[in-house]
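This document opens with one chain alone, in structure tokens, the form predicted alone.
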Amino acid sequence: MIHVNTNYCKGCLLCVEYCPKKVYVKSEKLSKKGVFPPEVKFPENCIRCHLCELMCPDFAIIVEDKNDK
């Protein structure tokens, strides 16, 4: 499961750009901060490489491995 904390996200969309499986798209809804955060559009494509977590400068993304609870 992928969690995007829109309260932390500043809308840089590095996750959208760097995701090798194109899991994210730019949301059409503004967040409370007035930015367009990423939206997890294709979670089934996620290979849990955690690249989006590493690229996110705001620590707004958490990718859980299947065994995480």
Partner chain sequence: MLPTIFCTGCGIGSVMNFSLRAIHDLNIDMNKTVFVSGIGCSSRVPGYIYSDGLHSLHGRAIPYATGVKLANPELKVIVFTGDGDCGAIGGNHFLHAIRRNVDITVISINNFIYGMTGGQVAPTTPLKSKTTTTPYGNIEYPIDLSMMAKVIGAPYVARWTTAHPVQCISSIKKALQKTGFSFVEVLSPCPTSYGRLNKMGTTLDMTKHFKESTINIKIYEKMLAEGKTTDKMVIGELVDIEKEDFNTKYNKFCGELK
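Positions refer to the first chain, counted from 1. For clarity, every value in this text was computed on a predicted model and none was experimentally measured.
Omitted here: the form predicted together with the partner chain. The next part is about that form.
Asker: Taking heavy atoms only, is K21 within 4.5 angstroms of the partner chain in the predicted bound form?
Answerer: K21: no contact with the partner chain in the predicted bound form.
Asker: Applying a 4.5 Å heavy atom distance criterion, does L54 contact the partner chain in the predicted bound form?
Answerer: L54: yes, in contact with the partner chain in the predicted bound form.
Asker: Evaluate C46 for contact with the partner chain in the predicted bound form, applying a 4.5 angstroms cut-off between non-hydrogen atoms, and reply yes or no.
Answerer: Answer no; every heavy atom of C46 is more than 4.5 Å from the partner chain in the predicted bound form.
Asker: Is L13 a contact residue for the partner chain in the predicted bound form, using a 4.5 Å heavy atom cut-off?
Answerer: Although the partner chain is absent here, L13 would touch it in the predicted bound form, with heavy atoms inside 4.5 Å.
Asker: At a 4.5 angstroms cut-off on non-hydrogen atoms, which residues of 20 to 35 are near the partner chain in the predicted bound form? List them in order.
Answerer: Just K33.
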